[in-house]
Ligand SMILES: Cc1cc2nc3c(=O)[nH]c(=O)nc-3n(C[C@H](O)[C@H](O)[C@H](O)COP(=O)(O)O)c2cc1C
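Shown next as structure tokens: one chain only, the form predicted alone.
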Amino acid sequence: MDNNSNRLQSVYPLKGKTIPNRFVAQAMEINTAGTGGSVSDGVIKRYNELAKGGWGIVFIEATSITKTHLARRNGLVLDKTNLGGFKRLVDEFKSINDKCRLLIQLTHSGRQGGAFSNKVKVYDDDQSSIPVVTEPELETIKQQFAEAIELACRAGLDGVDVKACHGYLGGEFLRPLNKRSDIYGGSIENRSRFITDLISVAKEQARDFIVGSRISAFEGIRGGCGTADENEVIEDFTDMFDILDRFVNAGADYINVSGGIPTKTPLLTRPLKNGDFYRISHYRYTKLIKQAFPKVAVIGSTYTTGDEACLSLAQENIKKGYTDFAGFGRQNLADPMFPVKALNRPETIDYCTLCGKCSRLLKADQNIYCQTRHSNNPYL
């Protein structure tokens, strides 16, 4: 990386901690957990690789707060029985790199649960086979989240991400489509309540515990996040900004910006080659959110799709104040050493080819790895 790219290498103060640079390894599932969602040796190997890579922030892949609602058959689960494995993951990661901030993305699969698991949805719609989660059930789910947040702190993690993106349970609450008649639907205050309550719970864990949420700023569906009401499909962020304002007032330290729903608008979530329109849309979402919330750390997405221009694109957007961090998803599977190489030997970077093979493995509920980089799965 040339001297003009020093913004990517600059430190960032966040919640009393120093983030060593602006590279973020976004949560990328490898679907390789052990029995009951436990931390396997393959999972340890995966995060040890990222520890060596010199990232500023690493998000542990989407981790369920319950064994009964899973999106992946071999997805991670953070509960009391698996706490020891997460402590080992954190200890080994920190022994390699104690400067990187290691956070975990906590989730509930909602209607995105696999065929092998249970499914629930937030509001009634044409998916009649999926039950609407009741208010008492939601209180139980919130308690499971609270327990997982406490366990994350006990494991030594630097913080948590309460997942509210990509069509999972947390994101469904935020939509104008959510017309529940209880305290979790209808008004903006009610639709944001589930996430803001969990942000507040997480803020109580420790003074320097970093808390935030990954959101789909625009989902690309009628009445979805980023629209004005249940009958609109065109982008209008007024409603979403009111929700994010409640996140911030609840204590969110960062907003991690994504878009789309992989099962409905996959190109918006994961742009493919020549998908400049979708990538630039992400940059626009991030810019607007940063302008609306200048005092909150903002993490941008889809930088992987910039191919060999991704470093200059990230540098440009950070320099212009459109984002504080550049998030790389598929790129951190393709080359976990990406930040170190970018600083020292950029000519050796293995850039993601956007072949889509890792996404197909994810969709098929198989163990996930970069098939371009490896002929066999290195995490088994």
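Heads up: residue numbers just count along the shown sequence, starting at 1. No experiment lies behind these values; they were computed from the predicted model shown.
We do not show the form predicted together with the named molecule, though everything after this point is about it.
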item	value
Heavy atom of residue 328 within 4.5 Å of the named molecule in the predicted bound form	yes
Residue 269, heavy atom within 4.5 angstroms of the named molecule in the predicted bound form	yes
Contact flag, residue 100 vs the named molecule in the predicted bound form, heavy atom cut 4.5 Å	no
Exercise: residue 166 in contact with the named molecule in the predicted bound form, heavy atom 4.5 Å	yes
Sole residue of 313, 28, 334, 342 within 4.5 Å of the named molecule in the predicted bound form, by heavy atom	28
In the predicted bound form, the one of 43, 65, 58, 62 near the named molecule [non-hydrogen atom within 4.5 angstroms]	62
Triplet 214, 258 and 368 all within 4.5 Å of the named molecule in the predicted bound form via a heavy atom	yes
Contact segment among 269-277, 146-154, 88-96, 239-247, judged by heavy atoms lying within 4.5 Å of the named molecule in the predicted bound form	269-277
